[in-house]
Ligand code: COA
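Take a look at this single chain in structure tokens; it is the form predicted alone.
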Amino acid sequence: MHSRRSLLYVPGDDRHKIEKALTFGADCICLDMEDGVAQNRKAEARRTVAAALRELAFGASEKLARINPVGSGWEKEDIESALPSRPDGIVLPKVESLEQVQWASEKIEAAELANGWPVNSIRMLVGIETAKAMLALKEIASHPRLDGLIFGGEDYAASVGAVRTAEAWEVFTVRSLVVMHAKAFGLQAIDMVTVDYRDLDRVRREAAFGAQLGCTGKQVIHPAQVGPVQEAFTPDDEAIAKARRLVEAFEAHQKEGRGAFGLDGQMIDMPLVKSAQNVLERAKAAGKR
């Protein structure tokens, strides 16, 4: 599974922006056929996305294509135009039922079989963006092709009539529930966009808080956000060293037949060991040892 600390959306109808996006070092580059594209540019976006997926070198960045929602009238043409160019994954926005996920998965599997690609090699991430989606979250998250849940804070707030604030308490509960369901099913939890892309302090705060909640990454809509977001979701050297020391001490005590033990004035038991292991896993995913 790819590390998805930063998921950068790029308008799918703009080849120049797509080519430029390849230079920013984002973990994922998502070529967008949905919200980032005007209604009268959807056909152009399909052609541009298919060509970019086929022709451009994405390097270490995962290449994703976001189609329009099921029921929009564009979704079938979107997914069928993107799949022959073999993206790493499809992003399905505004999902509200397991049936919608299954529809997209069947389209993907048909393309895999037709091209001789391994089944389930093209992954899916789904947008959780409405109150209805929250009610179906357990069923949605159970689909075996999924790699992650993407929380759409702005869309969710609009769906319930909440007023978005910088503090984001109006979406705190649902952010936490998205994380909970993602982790219950072994998925990544990708946090909401910071719309005010010029305010990098806010980007850092929101990313750091998302990481505290257990999110594994964050959506990004401007290249300037990539660095701060990656930093927030990458443990620093001090945290890695502390986690490694704790895990090594735990393993040594286990060999001696001892359970809980003291380290640096703290009583260490399994929850703290698990937290330290999580730090080391995040560091490894970010390419740090």
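All values reported here derive from a predicted model rather than from experimental measurement. All residue numbers are counted from 1 along the displayed sequence.
Just so you know, the form predicted together with coenzyme A (COA) exists too; it's not on screen, but the next bit is about it.
- The candidate spot formed by His2, Gly217 and Phe233 is out of contact with coenzyme A (COA) in the predicted complex: none of the three has a heavy atom within 4.5 Å.
- Residue-level contacts in the predicted complex: of Lys76, Arg198, Arg86, Arg164, one residue has a heavy atom within 4.5 Å of coenzyme A (COA), and it is Arg198.
- When you look in the predicted complex, the only residue of His222, Lys242, Lys42, Lys63 with a non-hydrogen atom within 4.5 Å of coenzyme A (COA) is His222.
- When contacts are judged by a 4.5 Å heavy atom cut-off, Ala21 counts as touching coenzyme A (COA) in the predicted complex.
- Contact annotation for Asp27: none of its heavy atoms lies within 4.5 Å of coenzyme A (COA) in the predicted complex.
- Remark: Pro69 does not count among the residues lining coenzyme A (COA) in the predicted complex, judged by a heavy atom distance of 4.5 Å or less.
- In the predicted complex, coenzyme A (COA) sits beyond 4.5 Å of every heavy atom of Lys274.
- Only one listed stretch (32-40, 234-242, 258-266, 47-55) carries heavy atoms within 4.5 Å of coenzyme A (COA) in the predicted complex, and that stretch is 32-40.
- With contact defined as any non-hydrogen atom lying within 4.5 angstroms of coenzyme A (COA) in the predicted complex, the contacting residues in 1-19 are Leu8, Tyr9, Val10, Pro11, His16, Lys17, given in sequence order.
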